[in-house]
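Just the one chain here, the form predicted alone, laid out as structure tokens.
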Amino acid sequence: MFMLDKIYTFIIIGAIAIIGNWVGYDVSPIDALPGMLIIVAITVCGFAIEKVLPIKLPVVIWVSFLALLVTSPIFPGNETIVKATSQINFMALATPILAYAGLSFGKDLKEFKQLGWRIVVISLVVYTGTFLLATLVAEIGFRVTGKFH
């Protein structure tokens, strides 16, 4: 039952992403559907692998590994998978996922309030540090490659 709820959630997120892809990036839902079905299938398979294998790693690792495998040159039909999934714009996919994450955060709001003001300070420091480090890495990368000087 737990897995079925996740599959429904992935399908709903996929449908919202297809609509966002259509509205925001002018990609026909018919063109985007095969790629979204592949993305949902890879995600479901990653969750299934995490449940079955005795190695306890975060689901995101299994999903990422599976996605890398099926799009790598050693996988038969990888060109078809890459072509289909390239119809999905990342931001069209990220928007409903982040909205879902925000909604799921709402159910833990009571526990979050118990952490007090210290968690706000820690969060701001972590987010600021992450942003600054990512900016530094990007700046170094741009300077090394000679872009945006």
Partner chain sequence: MKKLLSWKIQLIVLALVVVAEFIGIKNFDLGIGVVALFPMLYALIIGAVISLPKLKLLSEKDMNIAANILGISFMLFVAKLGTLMGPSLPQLMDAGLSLTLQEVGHFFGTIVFGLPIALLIGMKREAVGATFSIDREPNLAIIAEKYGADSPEGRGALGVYVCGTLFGAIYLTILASILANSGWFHPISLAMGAGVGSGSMMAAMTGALAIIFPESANDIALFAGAANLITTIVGTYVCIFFSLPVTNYLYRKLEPVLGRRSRKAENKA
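Basically, rigid core = biggest C-alpha set you can superpose within 1.5 Å across the two forms. From a predicted model like this one, the values you see are computed outputs, not experimental measurements. Residue numbers count along the first chain shown, from 1.
If you look for the form predicted in complex with the partner chain, you will not find it shown, but the lines that follow are about it.
query: Is there a non-hydrogen atom of residue 103 within 4.5 angstroms of a non-hydrogen atom of the partner chain in the predicted bound form?
result: Contact with the partner chain, yes.
- prompt: Does residue 77 reach the partner chain in the predicted bound form, with heavy atoms at most 4.5 Å apart?
  reply: No, no contact at 4.5 Å.
query: Taking heavy atoms only, is residue 32 within 4.5 angstroms of the partner chain in the predicted bound form?
result: It does not: once the partner chain is placed as it appears in the predicted bound form, residue 32 has no heavy atom within 4.5 Å of it.
- request: With heavy atoms only and a cut-off of 4.5 Å, decide whether residue 28 touches the partner chain in the predicted bound form.
  value: Output for residue 28 is no: heavy atoms all beyond 4.5 Å of the partner chain.
- prompt: What are the residues of 82-103, in order along the chain, with a heavy atom within 4.5 Å of the partner chain in the predicted bound form?
  reply: In sequence order, 82, 85, 86, 88, 90, 91, 92, 93, 94, 95, 96, 97, 98, 99, 100, 101, 102, 103 come within 4.5 Å of the partner.
query: Quick one: once the rigid core is lined up, does residue 116 have its C-alpha move by 2 Å or more between this form and the one not shown?
result: Moves: yes, 2 Å or greater.
task: Would you tell me if residue 132 moves between this form and the one not shown by 2 Å or more at its C-alpha, with the rigid core held superposed?
output: Yes, shifts by 2 Å or more.
message: After superposing the rigid core, is the C-alpha displacement of residue 24 2 Å or more between this form and the one not shown?
response: After core superposition, the C-alpha of residue 24 moves less than 2 Å between this form and the one not shown.
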